[in-house]
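There is one chain below, alone, in structure tokens, taken in the form predicted alone.
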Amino acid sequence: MYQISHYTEVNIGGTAIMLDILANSKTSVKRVVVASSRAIYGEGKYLSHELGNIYPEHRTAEEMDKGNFEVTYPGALSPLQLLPTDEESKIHPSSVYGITKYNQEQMVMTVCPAIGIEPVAFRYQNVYGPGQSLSNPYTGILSIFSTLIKTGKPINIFEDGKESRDFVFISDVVKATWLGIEKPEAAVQVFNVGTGVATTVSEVASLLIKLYNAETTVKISGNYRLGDIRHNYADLSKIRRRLDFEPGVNFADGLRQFTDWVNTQSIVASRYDESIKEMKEKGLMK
């Protein structure tokens, strides 16, 4: 949330440079595929018994300080039901990163048709798999938790552990991206890429500990980060219909492949503690 200039320069500025070159040079480029993100949606899609489909606003520190982590919506009296987020869902990112990814996506989808190039955008969910960094805390909780487990440190689960994400294995991301390059039906379209399954953070921690055969202390602390969403998982109807895409690796099998790879790696100190300290100093973690 605090690396505002960096995200803007890389995601928006870097994309602008590329589009400038394509617009002002003779090239043989026929299609541009942009790696967008589920972060552009912000909080996911929900069903209210009273109001129908709704898109809750971002949670407030005041409510989360009380331990109220689930999302609410004015006029919704009964608990909200989480729904898969489709490509027509409301765009309301809760982070600077999400804002810049949406700008990046829109730049590609707007400029490319005007200069005779076909754009395709993929809104990737939480990508994981062998080869991802184990020392960079920004690659996600699978790397963070794995490094903690392998170094004998306890796991601090934020909120109440029931927050969920859609974890998609790297081979499925590659498959979807290849379809976006090769299939004519992908031109000038935006697609979600995920598994269509929501997995909680507590489930992730339990599965990792089991696969590593470790004895690790897990604390559900109630800590939270400003800007974090509660839930989001992908509706894959469009990519199934148009590109005949079907995720081939479920989370249990993908996690086993990931942990088998981690077991072959030399685990070095991560920057996780440093990142937590930075967030606390900037008032972004409570």
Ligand SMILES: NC(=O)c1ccc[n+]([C@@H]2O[C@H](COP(=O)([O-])OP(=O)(O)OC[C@H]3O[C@@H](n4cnc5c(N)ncnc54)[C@H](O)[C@@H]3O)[C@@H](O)[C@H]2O)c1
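Quick note: we count residues from 1 along the sequence shown, nothing fancier. As the structure is a computational prediction, the values presented were derived from the model and not from experiment.
As for the form predicted in complex with the named molecule, it is not shown, yet the points below apply to it.
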item: 201, 223 and 284 each touching the named molecule in the predicted complex (heavy atom, 4.5 Å); value: no
item: In the predicted complex, the residue from 102, 169, 145, 124 that sits within 4.5 Å of the named molecule by heavy atoms; value: 124
item: Option touching the named molecule, based on a heavy atom within 4.5 Å in the predicted complex, out of 267, 16, 10, 23; value: 10
item: Contact test in the predicted complex: residue 97 vs the named molecule, heavy atoms, 4.5 Å; value: yes
item: 4.5 Å heavy atom contact, residue 37 and the named molecule in the predicted complex; value: yes
item: Proximity to the named molecule in the predicted complex (heavy atom, within 4.5 Å), stretch among 229 to 237, 250 to 258, 29 to 37, 57 to 65; value: 29 to 37
